[in-house]
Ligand SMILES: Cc1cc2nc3c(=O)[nH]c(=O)nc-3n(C[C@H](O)[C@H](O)[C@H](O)COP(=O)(O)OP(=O)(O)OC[C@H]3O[C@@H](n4cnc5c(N)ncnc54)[C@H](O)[C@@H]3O)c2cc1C
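To begin, one chain is listed below as structure tokens, in the form predicted on its own.
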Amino acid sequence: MEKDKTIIIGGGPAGLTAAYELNKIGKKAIILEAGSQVGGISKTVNYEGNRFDIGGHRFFSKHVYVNEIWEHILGGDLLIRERMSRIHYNGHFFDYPLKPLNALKGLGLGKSVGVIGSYLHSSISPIRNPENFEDWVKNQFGEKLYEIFFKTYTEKVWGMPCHEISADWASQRIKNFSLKEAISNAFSLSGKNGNGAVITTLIEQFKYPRLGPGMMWEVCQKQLEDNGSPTLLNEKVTSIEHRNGKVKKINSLNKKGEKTTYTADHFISSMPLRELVLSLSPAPPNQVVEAARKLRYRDYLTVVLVLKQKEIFPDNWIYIHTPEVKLGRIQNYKNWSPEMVANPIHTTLGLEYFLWEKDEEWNWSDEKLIQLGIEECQKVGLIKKSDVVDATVVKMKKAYPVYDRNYSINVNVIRNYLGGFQNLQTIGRNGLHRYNNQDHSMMTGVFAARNTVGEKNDVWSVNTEAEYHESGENRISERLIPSKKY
């Protein structure tokens, strides 16, 4: 290694952005990626010419600098897409975000009156000091709306009762609007509230790479390699050796089982926080190890169906709240970009299942999973089995860091310990055990890169705002803007 190089663990958006920023300020890096493809959960998988995401990945950010990076990497290959998503529940489709008239039609008068009454009750007598997801949502929307539109889907995603999920999850991921404002907006011709201010909604448009989100990171990987910062694929970090508060070297294994040792001046990690702690040598104190072992990650798989239908439904994606099926969400890749589908007279759908690796379904054969997906998708009335011409399955371990009720205590124990290292930083969704959006993960990479040249950016401060990044005023927190531009 040349002097002042950086080793980056993980070739997802956070790790590659860190390398991008280092390159921009004249520093080199080596990226170690355990998989065979860059992008992490933002990669795009290619199956017989059909491309699909690990979930859907909109390119939208209020961070000006993140938008500049996207434009610099892909430019004209970024499409402007219209956003459409709905909720399927009890045989009906509901607009998302919820629209009162549409919800009234789907629920019927009796249930709708119950929803309003429940909301008024929660407004008058809210749960004091809500500590979990269930309490938070009931306070915000009332018990009836919680049971219909939040409980079933959330428990599918996380595999645990809502009262075991931290309220942090709700405050970060659910749009911060009241039912009162939503009703007012529905009957307002101006689209403004009583104070004359425009009522914000989830974004109606977003950018999306022509060939999927993986296109962004594959192009970034190539640009970095051309400038002396290569990504080494299939390099799984096995141990991180440290002494006197500094990482000295990293050991990794490739697919052939061959060991390589890397040394550098700076180390940036986006590997799961649990695995990072357990790979440290010598091992951290017992309380830190125990905190790491208590961190959990939700696993994910998607059953991809190729159908001989040019169009099926207009949505980018649909949330499946119907409790009779395990299916959680459906992506319609063609509506993200027409070039995601190999044959223009076909449509590809991604049927998303959220699981634990220990679950029985995780170890099912692809054939059995495909059969489940077809049956459930047909059950909710979206496809005909006879239209399926091909199918495949893709799995992603540790896709989502879990916000159980004690996660923040465990993360803080680890964070305090890692704060004693002089040349190790953690970034990204899994590196911080925080459900970051792509732009937040990128900003942590930017901060970490600039810290290697003397800045004092707090990587952990990214995405700590109480409200979801798509809501509120169109502004960027000053502390989220790096202090210098190079």
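Residue numbers here begin at 1 and follow the sequence given. For clarity, every value in this text was computed on a predicted model and none was experimentally measured.
What comes next is about the form predicted together with the ligand, which does not appear here.
Only one of Phe149, Phe141, Tyr300, Tyr403 has a non-hydrogen atom within 4.5 angstroms of the ligand in the predicted bound form; which is it?
Exactly one listed residue reaches within 4.5 Å, namely Tyr300.
Taking the ligand in the predicted bound form as the reference, which of Thr44, Gln425, Asn436, Thr452 has a non-hydrogen atom within 4.5 Å?
It is Asn436.
Indicate whether the ligand has at least one heavy atom within 4.5 Å of a heavy atom of Ala19 in the predicted bound form.
Heavy-atom contact with the ligand at 4.5 Å: absent for Ala19.
Can you check whether Lys28 is within 4.5 Å of the ligand in the predicted bound form, heavy atom basis?
Lys28 lies outside the contact set for the ligand.
My question is simply whether Met271 lines the interface with the ligand in the predicted bound form - judged by any non-hydrogen atom within 4.5 Å.
It does: once the ligand is placed as it appears in the predicted bound form, Met271 has a heavy atom within 4.5 Å of it.
Counting only non-hydrogen atoms and a 4.5 angstroms cut-off, does Lys236 reach the ligand in the predicted bound form?
Output for Lys236 is yes: heavy atoms within 4.5 Å of the ligand.
Taking the ligand in the predicted bound form, would Ile9, His57 and Ala399 all count as contacting it (heavy atom within 4.5 Å)?
All three within 4.5 Å in the predicted bound form.
Only one of these stretches, 454-462, 44-52, 437-445, 414-422, has heavy atoms within 4.5 Å of the ligand in the predicted bound form; which one is it?
Of the options given, it is 437-445.
Which residues within 23-44 place at least one heavy atom within 4.5 Å of the ligand in the predicted bound form?
Result: Leu32, Glu33, Ala34, Gly35, Gly39, Gly40, Ile41, Ser42.
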